[in-house]
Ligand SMILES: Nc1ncnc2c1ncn2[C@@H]1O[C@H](COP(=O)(O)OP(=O)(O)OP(=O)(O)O)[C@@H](O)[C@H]1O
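A single chain, nothing else alongside it, follows as structure tokens in the form predicted on its own.
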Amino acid sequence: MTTTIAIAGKGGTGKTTFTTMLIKYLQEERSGHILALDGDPSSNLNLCLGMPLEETVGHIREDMAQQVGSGSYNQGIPKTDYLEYRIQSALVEGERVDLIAMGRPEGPGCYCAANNILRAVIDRLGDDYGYVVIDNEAGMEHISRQTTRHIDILFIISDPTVRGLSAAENILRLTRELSGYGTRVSKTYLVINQWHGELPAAFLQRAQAAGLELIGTLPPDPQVAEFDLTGRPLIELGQDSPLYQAAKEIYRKAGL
């Protein structure tokens, strides 16, 4: 049985850092292999994990479209087989964690057929893992382009601002629309990043009124800034990291 976990939130809230800590936790605390899907066009999850990245799904899609458009595509090879082979080749393998980066979104033209094939390939691939972890773009509607997998847990990351909470409310609303694309979300939790101590009562009341279940907060951690400055992978944060300790508590509360 595969557990699928998605992470969403507006830009700059720390989604990729939270995703990295989740993968670190699953590697150290749980059995089973992990498939990480980097759904952000900036494709920097690999840097946090210390893994190389040579090709993205977006590049594979564009390359096939160019071949088809120019007439150079080998018609003797079914497109499904071609895309599956290319994705398997693009898979970055690590220690109990493999990575696929989605890359940039579609260019001009129709990519519906290619996207449908890619979703099917990625969904089948995910069935071979104990966990599928999706570092998503800000808008939840993008998940439907990447996978039709049922999402067991969705973490919405927000900074401690009204704008961040408003974005979290919008994401929660969009989760209800995912069912129309074949993706269902079982549990949704709100995580506030860059905050230490109790949150203001007015902030908590607004989150509760929006139906957002707060599961925990993540404190500022000077080690994260140091790692980012030197280019050291965040996956190497030590057990003494305040951020990692707080993240571990959140994952355990979520039943992971």
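Numbering starts at 1 and runs along the sequence shown. Please read these numbers as outputs of a predicted model, since none were measured by experiment.
In what follows, reference is made to the form predicted together with the ligand, a form of this protein that is not presented.
Contact with the ligand in the predicted bound form, defined as a heavy atom within 4.5 Å, holds for exactly one of Val224, Leu47, Ile60, Ile215, namely Val224. Only one of Gln194, Thr56, Gln27, Thr188 lies close to the ligand in the predicted bound form, with a heavy atom inside 4.5 Å, and it is Gln194. Using a 4.5 Å heavy atom cutoff, none of Ala36, Pro52 and Glu236 lies near the ligand in the predicted bound form.
In the predicted bound form, at least one heavy atom of Leu243 sits within 4.5 Å of the ligand. Taking non-hydrogen atoms only, Lys10 approaches the ligand to within 4.5 angstroms in the predicted bound form. A residue is said to contact a partner when one of its heavy atoms sits within 4.5 Å of a partner heavy atom; Gly211 fails this definition for the ligand in the predicted bound form, lying far away. The closest heavy atom approach of Pro219 to the ligand in the predicted bound form falls within 4.5 Å.
Only one listed stretch (27-35, 63-71, 198-206, 224-232) carries heavy atoms within 4.5 Å of the ligand in the predicted bound form, and that stretch is 224-232.
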